[in-house]
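Listed next as structure tokens is one chain, alone, in the form predicted on its own.
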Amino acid sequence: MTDHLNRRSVLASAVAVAAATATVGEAQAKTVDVKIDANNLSPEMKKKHAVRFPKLDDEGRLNFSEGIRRWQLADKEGKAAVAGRQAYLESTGHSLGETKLSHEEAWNVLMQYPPYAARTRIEWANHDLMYENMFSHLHKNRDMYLAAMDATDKAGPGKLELNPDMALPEYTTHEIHRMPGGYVGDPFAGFAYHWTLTEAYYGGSSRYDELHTRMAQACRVPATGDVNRILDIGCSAGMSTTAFKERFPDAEVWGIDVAGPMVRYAHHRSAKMRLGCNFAQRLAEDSKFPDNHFDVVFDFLLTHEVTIAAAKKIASEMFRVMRPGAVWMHNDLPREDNPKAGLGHTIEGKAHVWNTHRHNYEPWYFRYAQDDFPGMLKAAGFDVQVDNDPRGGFIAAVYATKPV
């Protein structure tokens, strides 16, 4: 597939832009808070969350990638494999412990060990095959999917705001996660992101959606208990946005993302679920919302996708739009020095960080793994509590509260 970034014109011509204005309403008498057990979803909710392919052969192609991914996740390499890797490193003058090698040097050393190199190359080849199959399916059926989004653009429920003439910051135009066209360049980026992660990368059965349900259910609320307005920044395909709407059905829930194809799909998905979430193509560092507006803010895997300058602006912008006492649940990968990250500054840990940065097309991840976002939140004025217990095995939560 070629010319992905130019396909924004397809998106712009396919949708009527709906005005999205923040509504400042009166506080509710009582916040409705629906408790949902993500591990025991009802049949109705499972059906609501599920992804459905029109043809079994298209689903089967992703099932192949799912099988490889499950093998990688399940194969923890027994004692013999670890011993073999240790013997190899010792033969080169290194060990499995802490190392002074740079991240790139650690990667190069391990890539000379055939089992490590083979697993790594299989992983990325499978990743690329997953996207190739997904985008092939979407573009073969492009008229059907564009028509489906066009219908929900106009019908809702919920508002949609697209800004096809928006000047995209350079940092947002990379092909993140090896996705062709990145998040901004293909009209079906939202479909591809959600469907591949749900059906292939995280093992199918809507488990990726269930992860978002768990996080939304775990999110703390302001001390007053009032949750009238919720903002999901960097919402991508809107899984967290809808999860918060399911928990707080009477709240005004917004999801914003710089990527038009993402918020358009997010709105389509939310409308199909009959949830009245609102979505807008906006920057998290320039959200356009009023001062002191939101009770809860949420983000998931956002800050490792932005520059340091953007991260600082996002922290300041959220402080502005959150009302006193509001809570921000920030979720991202553990930093390199986080004891829960597991590998720390070992040769394997450094190789993993470099592999993610360079070969998963994560241009800002290398910087993120060593920076101090909680410190940025404190500098912006928040009271900060760091939860060093990763969620889902790889997520660490930080809570930022705006002082009263």
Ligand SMILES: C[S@@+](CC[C@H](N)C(=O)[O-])C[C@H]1O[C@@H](n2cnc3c(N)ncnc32)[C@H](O)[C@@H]1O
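Here the structure is a predicted model, which means the values were calculated and not measured. Numbers for residues come from their place in the sequence shown, where the first is 1.
Unshown form predicted together with the named molecule; subsequent notes refer to it.
Legend entry - Contact residue in the predicted bound form, from Thr196, Ser236, Asn278, Thr242 (heavy atom within 4.5 Å of the named molecule): Filtering the options by heavy-atom distance leaves Ser236.
Legend entry - Answer option from Asp153, Glu252, Glu285, Glu175, heavy atom within 4.5 Å of the named molecule in the predicted bound form: Selected residue: Glu285.
Legend entry - Contact test, all of Tyr171, Leu302 and Glu305, partner the named molecule in the predicted bound form, heavy atom 4.5 Å: So, yes: the whole triplet contacts the named molecule.
Inset, instruction - May I ask you to state whether His212 is within 4.5 Å of the named molecule in the predicted bound form, using heavy atom distances? - result: Within the cut-off, so yes.
Legend entry - Contact flag, Phe294 vs the named molecule in the predicted bound form, heavy atom cut 4.5 Å: No - in the predicted bound form, heavy atoms of Phe294 and the named molecule never come within 4.5 Å of each other.
Legend entry - Contact of Tyr183 with the named molecule in the predicted bound form (heavy atom, 4.5 Å): Judged by the heavy-atom cut-off of 4.5 Å, Tyr183 is in contact with the named molecule in the predicted bound form.
Legend entry - the named molecule contact at Ala315 in the predicted bound form, heavy atom, 4.5 Å: No.
Inset, instruction - Could you tell me which of 124-132, 156-164, 253-261, 94-102 sits within 4.5 Å of the named molecule in the predicted bound form, going by non-hydrogen atoms? - result: Careful reading of the contacts points to 253-261.
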